[in-house]
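Next up: just one chain, as structure tokens, the form predicted on its own.
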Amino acid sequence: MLKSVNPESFISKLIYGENLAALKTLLADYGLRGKVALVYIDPPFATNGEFKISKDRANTVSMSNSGDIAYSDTLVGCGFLEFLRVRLILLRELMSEKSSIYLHIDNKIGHYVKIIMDEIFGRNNFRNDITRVKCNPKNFDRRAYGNIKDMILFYSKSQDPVWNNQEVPFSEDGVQRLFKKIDNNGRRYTTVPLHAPGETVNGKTGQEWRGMKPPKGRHWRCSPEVLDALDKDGLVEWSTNGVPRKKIFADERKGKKMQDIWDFKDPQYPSYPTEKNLDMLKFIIQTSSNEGDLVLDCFCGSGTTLLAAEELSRRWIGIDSSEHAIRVVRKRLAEISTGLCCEVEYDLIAF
């Protein structure tokens, strides 16, 4: 059984057992209420199928005929939603006030799950409904469009969650498309207006600059003195009609802000049926937690969340009731670290 510990000295832990009992124990016996910085979960998708695993491969399609059952996804309808709801309530209790939760779910059931998330975390703490491109385009013969996406529901516990903004590098095509102009030195650039919405009545940004005022209903983005400095440095481009715009150079931009459509495809040859993209989990963990924070995945499956957390110097808790999953997780963790601080807890509950 799990034993009570000081939450501040809690080390990474892999738990083999039913996650409802495990979450209750983490709250009651470990004193982890309000200590978890980030939750990512990839629960069953209510597909009414069983996923298999064998020595040769893991089947990502339910009802495969070969291999042992890795896990069953046979709980559907109201039963599935209640199964998820009671666990989400416990997860919220474990989360700190500045924490976030990312719930990865199929688009067939996700809109029902969002209602539950609104109930538990509050509609005002809804951050994003993220569309995740999970695979290459399909060409199945059916009377529907190809399904290449699933969804991630992103909520925070409060209005002030941890947020480390991550910029996505521009592709070569992106640079050419977004920075179409080239200066005399061969540098690619684009231009943006020097004014912004909203009038300034008495401030400097509403004053004249170079004999002109900002357009009606707008104000200069900075004071006339700063605009003079930008022009002196060659950072203002004047059109033939005398309209000024600020130059933005491609080589000075690290990347672009991540939007709510993500292209993180899952492995073609997974070690476990539900294995997710490692770069995606690293992105989530870097954005919504800090080094040393505690990350929790109570449907840890192949352990991708745990690997990402370990490589990014976070503490973690992974829970799964599948013996096959635990075996895969331990193997993958052993491959990335020889000095891994990982306790493996068996007999959390009696099967």
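Everything numeric here is computed off the predicted structure, so don't read it as measured data. In case it trips you up, residue 1 is the first one in the sequence shown, and so on.
What comes next is about the form predicted together with a small molecule, which is not displayed.
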is_contact(residue 170, the small molecule) in the predicted complex, heavy atom dist at most 4.5 Å: no
Close approach of residue 317 to the small molecule in the predicted complex, 4.5 Å, heavy atom: no
Under a 4.5 Å heavy atom criterion, is residue 220 part of the interface with the small molecule in the predicted complex? no
Proximity of residue 30 to the small molecule in the predicted complex, heavy atoms at 4.5 Å: no
With the partner left out here, if you bring back the small molecule in the predicted complex, are 43, 298 and 303 all within 4.5 Å of it by some heavy atom? yes
Of 122-130, 243-251, 170-178, 271-279, the segment with heavy atoms within 4.5 Å of the small molecule in the predicted complex is residues 271-279
